[in-house]
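Consider the single chain below, provided in structure tokens and representing the form predicted alone.
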């Protein structure tokens, strides 16, 4: 694992730069990244792209139609305080990156940035981490600074904690930066180390975006973290990695029903990640599907972060059935809206896609954004528009 310090390079003060960062899905291991658990994210072929042109000013201008709404903001480098006005809060992702980049000693140089995306916001596909990562790459490219994936992930995570108000783990930022085509990451969030694991070539990945936009900064995400912290306090432990299911059962009365269920999800999900990885390596579709379904049910019942739309999509996938090619399905991301993922045999992917669209439209009266995706490389920056992205 690379852990070198940031290194100065040659500043780029004249040439337009392009940064591209993918979204990510998480195959399994939900809401345990911030508890130090192992997770299995992967970068997908939906991206945020930033075109940045240096200007000789002490500010940056950001223009975006990300999310279908044209917005423009100006950030003075002399005023990097978090914005509190509702219409300006979207700038806090950028301000946090600027603040911590400057705090490290990098000189901020002015630029004008245009942001485009085919990555739906609020869909549980880590649009915020992609935005942060691409923006950080722009700053470093202009300043001539080099940093490792892990260093950038830590910087972006800190910005999201302290400026966007979301106490996220480090999974999203690492997945966006370290993704490799055709593979998922086996990421140990406690050790901040990862390896790669390939999906069987005969399996396809289908994403279904409910269109219900979650907002992880609205308090529910923070509540789950606080509840997990309370479990550790009651059990006088430092980490969920110390627990087994038997430990939780012995302390059920001390925890009470709510905290017991929160802890049961965390511990069982940590176990499922290892079991799912074994199933992938053996190309054991039946076992892989079992662990995906168990993960969703735990998130729905014990952690209570699902919603009617997510549950309906997962139920529809299993109604489609393994006999027609389904391997497994679950919600992905923080929940309260967002997307589901389904693993399905390649030859059946289009049929499942149409099945989910039809059922969703009949049940909720609106169109489902459902697409087959590829696993791709992580974020990059360069002097030319990336050919892999057409927005």
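Residue numbers count along the first chain shown, from 1. If you're wondering where the values come from, they're calculated on a predicted model, not measured in any experiment.
Same protein, other form: the form predicted together with alpha-D-galactopyranose (GLA), not shown, and the subject of what follows.
K.L.:
Using the partner position in the predicted bound form, report whether residue 131 sits within 4.5 Å of alpha-D-galactopyranose (GLA), counting heavy atoms only.
P.N.:
Because no heavy atom of residue 131 falls inside 4.5 Å of alpha-D-galactopyranose (GLA) in the predicted bound form, the answer is no.
K.L.:
When the contact criterion is heavy atoms within 4.5 Å, does residue 34 count as touching alpha-D-galactopyranose (GLA) in the predicted bound form?
P.N.:
Yes, residue 34 lies within 4.5 Å of alpha-D-galactopyranose (GLA) in the predicted bound form.
K.L.:
Taking heavy atoms and a 4.5 Å cut-off, does residue 185 contact alpha-D-galactopyranose (GLA) in the predicted bound form?
P.N.:
Taking the distances in the predicted bound form, the answer for residue 185 is no, it never comes within 4.5 Å of alpha-D-galactopyranose (GLA).
K.L.:
Residue-level question: is residue 168 within 4.5 Å of alpha-D-galactopyranose (GLA) in the predicted bound form, judged on heavy atoms?
P.N.:
Residue-level check for residue 168: yes, a contact with alpha-D-galactopyranose (GLA).
K.L.:
Among 327 to 335, 342 to 350, 358 to 366, 41 to 49, which stretch has residues with heavy atoms no more than 4.5 Å from alpha-D-galactopyranose (GLA) in the predicted bound form?
P.N.:
Correct option: 327 to 335.
K.L.:
Of the residues 135, 221, 93, 291, which one places a heavy atom within 4.5 Å of alpha-D-galactopyranose (GLA) in the predicted bound form?
P.N.:
Contact check passes for 221.
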